[in-house]
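This document starts with one chain, in the form predicted alone, laid out as structure tokens.
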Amino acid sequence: MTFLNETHDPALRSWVASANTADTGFPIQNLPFAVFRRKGSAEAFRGGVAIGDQIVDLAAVAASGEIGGAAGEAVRAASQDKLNALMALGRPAWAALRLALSRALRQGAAEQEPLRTCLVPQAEAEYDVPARIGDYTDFYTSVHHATNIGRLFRPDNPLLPNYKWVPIGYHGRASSIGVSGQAFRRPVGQTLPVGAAQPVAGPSRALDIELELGVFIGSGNTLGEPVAITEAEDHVFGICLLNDWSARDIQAWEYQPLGPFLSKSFATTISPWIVTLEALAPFRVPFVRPEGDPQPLPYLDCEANRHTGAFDIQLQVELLTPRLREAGSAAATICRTSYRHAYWTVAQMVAHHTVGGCNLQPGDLFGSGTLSGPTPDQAGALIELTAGGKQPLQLPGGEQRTFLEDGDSVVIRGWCEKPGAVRIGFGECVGTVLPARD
């Protein structure tokens, strides 16, 4: 299968000058989608596309009439307050809009002057969750995370026998998903103190992060009709950054036998920008299982998935404490890893989710699960980085952390880069912990 086309040409330059700088995450080769409006305004939210430090206002583009045909239908769908209508149109419409925008934003394009009035500086924008998320499913695609967590609770049997055969997931809470900048109260629930005979109710004392990617579903499938792995990516609109905050002490007490509940439902934060699979085409890599591991069952396997099913997305987690903030210091980097280490691919998640007959809908969201890599510094959660809280992280200025404290902000960043391709970014996913309610 050929994934590259004229929109990926590394020689392309935009008439938006900021899109041509080496440090931008949003060159003309990216063109991710979000929902935005001007800060502090009563404007309606509408779809936008990032180009350099600007946003192409898709409602203004639709009103201009500069883009017609299939791309015109797509830009009108994208001018709504959520992207569900665009997502529902399917991959041909997304590709048509991406191509039309790429051509219109290139140096020398005839659309330069009409579209210049459709630009809004990102510095003047605020964002909303980009879709009405009907359902949220959190997967568990990192074998390294699964093994590390299992080792903490089951030293003699860290990885359960089903893990290498089936993509593990559970149904999560969609209503508490917020966009980057989300600030949330420390969750309250039941915990069982060490050595205690009965639980107590109160604020979590083991609040954690989970470094994840979010996968937005585009076109859905009919109830009872599974999506074949060969067609799975046609149903994926794009990928964002995701932090699935976790209250580990609440989770430890409540998760048996049905899994996490209050420990996960209080907040999930996503980045505003959704990077399309088409934009990620230059950064595809083979999906490879370690020697000796079982190969996926037939419904989870195909030639395209083996050869190009994984993505080399670089991921980084930073922690900004109140003390660092007050001192004007930079956030401390606590993790750096890549999505290429995941044990299950995007296509496999879609194929497995639907094999039993589940109908996906436009705007549904998958979480990848914590994306820990193979080395200790690539662990995507504090519970791993601190060995369950026994080995505190050492931060600049002499601070330590085992789990998050009130006022801490977590920043997740993502990007793709390789020789011969233009670097593209995902922006950032930021969330801040507020004190628990009295």
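One rule holds for the numbers: they count along the sequence shown, beginning at 1. All of these numbers come straight from a predicted model, not from anything done at the bench.
Below, we refer to the form predicted together with another copy of the chain, which is not included among the displayed structures.
> Of these, E113, E225, E303, E326, which has a heavy atom no more than 4.5 Å from another copy of the chain in the predicted bound form?
The residue from E113, E225, E303, E326 that makes the contact is E225.
> Identify, from the list A330, A196, L297, V288, the residue with a heavy atom within 4.5 Å of another copy of the chain in the predicted bound form.
Filtering the options by heavy-atom distance leaves L297.
> Please state whether all three residues G169, R185 and E254 have a non-hydrogen atom within 4.5 angstroms of another copy of the chain in the predicted bound form.
Yes, because G169, R185 and E254 each have a heavy atom that approaches another copy of the chain to within 4.5 Å in the predicted bound form.
> Given the stretches 118-126, 176-184, 68-76, 82-90, which is the single one in contact with another copy of the chain in the predicted bound form, using a heavy atom cutoff of 4.5 Å?
Result of the contact check: 176-184.
> Look up in the predicted bound form whether S265 has a non-hydrogen atom within 4.5 angstroms of another copy of the chain, and give yes or no.
Although another copy of the chain is absent here, S265 would touch it in the predicted bound form, with heavy atoms inside 4.5 Å.
> Does another copy of the chain get within 4.5 angstroms of any non-hydrogen atom of N162 in the predicted bound form?
Judged by the heavy-atom cut-off of 4.5 Å, N162 is in contact with another copy of the chain in the predicted bound form.
> Is F311 close to another copy of the chain in the predicted bound form, meaning a heavy atom pair under 4.5 Å apart or at it?
No - in the predicted bound form, heavy atoms of F311 and another copy of the chain never come within 4.5 Å of each other.
> Does the 4.5 Å heavy atom contact test between A95 and another copy of the chain in the predicted bound form come out positive?
So A95 does not count as contacting another copy of the chain.
> Looking at another copy of the chain in the predicted bound form, which residues in 12-31 have at least one heavy atom within 4.5 Å of it?
Stretch hits: zero.
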